[in-house]
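Have a look below at one chain only, the form predicted on its own, in structure tokens format.
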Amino acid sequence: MGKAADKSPEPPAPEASPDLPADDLPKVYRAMVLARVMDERCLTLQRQGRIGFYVPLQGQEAAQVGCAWALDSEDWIFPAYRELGVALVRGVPVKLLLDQFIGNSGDVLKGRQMPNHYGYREFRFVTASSPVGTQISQAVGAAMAARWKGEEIVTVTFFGDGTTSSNDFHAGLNFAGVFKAPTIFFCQNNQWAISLPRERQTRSETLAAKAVAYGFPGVVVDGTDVHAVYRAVRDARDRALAGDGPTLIEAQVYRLGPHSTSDDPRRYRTDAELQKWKDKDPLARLKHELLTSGALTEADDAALWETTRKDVVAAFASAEETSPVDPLTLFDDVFAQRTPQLEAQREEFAALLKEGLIKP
């Protein structure tokens, strides 16, 4: 396995001519810091047994924040299960996300999804699911529906390099190509599909090249460069709204942490490979740019990290204090109006709870 890991691609070189407005860069950096701080905190919380499961994104912050920054708030997001940075840019409150990770009464999904599988209609952020690729076909269908309704929006679907081997990837891209769906396919190629390296996924030189077979462009960008990501997504969005169809964007990134809290990456990749990509840490890269331009000082940066950490700790304390999900919500949302049989079952269940014969 170490030999396969040594064949991973070199981190891409930086691209020039950033298009992100200079005034936005400090806000972009704050969003990336928040994503990193929350990511680190959630990993710790899972190890402490305070949340059940977590999927980290460390190393992919520039790809996620840069992509989300280039979108309109009316565009629909179809995530995989690692898009915390996208959710934060969309404006999803930290407390609301943590409510879902815990599964308390503040969780709008009422504890019915796995931790870290969140979704919010208000923010046009569709609920994630564990099976890889299902969101791709859904995003294409939603894009077609929006076009038929005359809505000037795009859908964006996120997935990893491993998902390009799924049936839904090929079915979704083919349909989108034929009907010119206004969809952006955003692949975060983090080099590993759990323990399977990218070179074991395909013989294609790039993942973006797969778009050619379906009749639309595929673009490779340096996913550690927030400017390059922003530019690629903005151009893809303009193209989709002009009626020219979809774009596949392959953001070259690296998953610095485990695939999930159920994974131990030390079993399949080398320290040398990890260090090579740590040297391209997207947060360090943007911080250096801001320091160089005078938009940030070391003191400002230290204060930002300290404040952000305190805010996330406070949000989790509040989430832990939030009451559990009411067990009786088990009977909600099955029908628009509960049937007599369901009402009877609910009453019987409530009686068993009251008598202590069932523990919530």
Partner chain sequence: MTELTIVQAINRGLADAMRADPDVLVLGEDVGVNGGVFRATEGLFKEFGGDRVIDTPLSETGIVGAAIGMALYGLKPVAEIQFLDFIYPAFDQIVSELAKFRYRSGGQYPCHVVIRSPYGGGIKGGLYHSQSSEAYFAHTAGLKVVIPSTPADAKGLLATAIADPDPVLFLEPKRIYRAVSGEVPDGDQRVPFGEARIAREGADLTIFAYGAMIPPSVQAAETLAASGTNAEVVDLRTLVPLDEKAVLASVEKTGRAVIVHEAPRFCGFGAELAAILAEKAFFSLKAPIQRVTGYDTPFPYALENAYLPNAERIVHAAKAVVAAG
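Since we're looking at a predicted model, the values are computed, not measured. Positions refer to the first chain, counted from 1.
Below, we refer to the form predicted in complex with its partner chain, which is not included among the displayed structures.
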Interface membership of Phe331, its partner chain in the predicted bound form, 4.5 Å heavy atom rule:
yes
Taking its partner chain as it sits in the predicted bound form, is Asn189 near enough to touch it, meaning that at least one heavy atom pair lies within 4.5 angstroms?
no
Classify Asp72 as contacting or not contacting its partner chain in the predicted bound form by the rule of any non-hydrogen atom within 4.5 angstroms, answering yes or no.
no
When the contact criterion is heavy atoms within 4.5 Å, does Leu241 count as touching its partner chain in the predicted bound form?
no
Which residue, Val219, Ala146, Leu274, Val92, is the contact with its partner chain in the predicted bound form, using a 4.5 Å heavy atom cutoff?
Ala146
Heavy atom within 4.5 Å of its partner chain in the predicted bound form - residue from Val37, Leu45, Ala315, Val325
Val325
What stretch, of 83-91, 226-234, 283-291, 108-116, brings heavy atoms to within 4.5 Å of its partner chain in the predicted bound form?
108-116
What residues of 75-106, in sequence order, lie within 4.5 Å of its partner chain in the predicted bound form by heavy atom?
Trp76, Phe78, Phe101, Ile102, Gly103
